[in-house]
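Here you get one chain, nothing else, as structure tokens; it is the form predicted on its own.
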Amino acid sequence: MATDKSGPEAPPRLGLFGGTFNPIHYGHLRSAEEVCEALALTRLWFIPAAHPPHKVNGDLTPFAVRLEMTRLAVGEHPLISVSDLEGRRPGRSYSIETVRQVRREVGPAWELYFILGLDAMLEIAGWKDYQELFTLSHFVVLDRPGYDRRRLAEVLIEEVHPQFRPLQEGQGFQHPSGHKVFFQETTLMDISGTGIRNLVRQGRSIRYLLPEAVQGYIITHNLYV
């Protein structure tokens, strides 16, 4: 995906990468690295969900644990950091409330880029106040194995706004607000938190699926057994 690089007068760009991160793994991390580079982001925040509305809480590792694993994974990256924003807010972790809060905290000068997988984007109509999200932020849609990006046009036009228009060279779509929905190809890694948790339960190795610091934390704290 080609975008204009940030220049001296360009607004700062903040990427928002949410998820349960149960646990965070190299698929998340490599995607974040490549999005930072492709969009010339000024900063990118991993935002672990505290109480995701579409997850069963009984199967979810406590927020503080997932937050710490995410911090261990990111380490001292110059552009990427981890936000506890959703843990500071009571109730369900709705994306619209997170984006509204980020906008209040960073002010109007920053451009926001909401990062999510194609699988989640195709289900966007089930999200709270999802239509407002497109008026507050750009979207960056990451390819997912087994999902067809050609379905996205139908979802955006029929479920979000009929006046979405395509960008040049199949790069994505533009909302009437001016915010864009970009396609972003990243290195596809068929790694999932579910798969990692299952391997741990089976007593099998999770080495090379996630950072050593996160693997060590899982072992030390006897997670997922």
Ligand code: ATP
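Residue positions are given as counts along the sequence shown, with the first one as 1. This structure is a prediction, so every number in the text was calculated from the model and none was measured.
FYI, the form predicted together with the ligand isn't displayed, but the following is about it.
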property: Heavy atom of each of Pro62, Glu68 and Gly216 within 4.5 Å of the ligand in the predicted bound form; result: no
property: Close approach of Asp129 to the ligand in the predicted bound form, 4.5 Å, heavy atom; result: no
property: Contact flag, Thr42 vs the ligand in the predicted bound form, heavy atom cut 4.5 Å; result: no
property: Contact of Leu142 with the ligand in the predicted bound form (heavy atom, 4.5 Å); result: yes
property: Distance check, Asp119 to the ligand in the predicted bound form, heavy atom within 4.5 Å; result: yes
property: Leu167, Ile157, Met189, Leu199 - the one with a heavy atom within 4.5 Å of the ligand in the predicted bound form; result: Met189
property: The ligand in the predicted bound form: contacting segment from 110 to 118, 96 to 104, 149 to 157, 76 to 84, heavy atom within 4.5 Å; result: 110 to 118
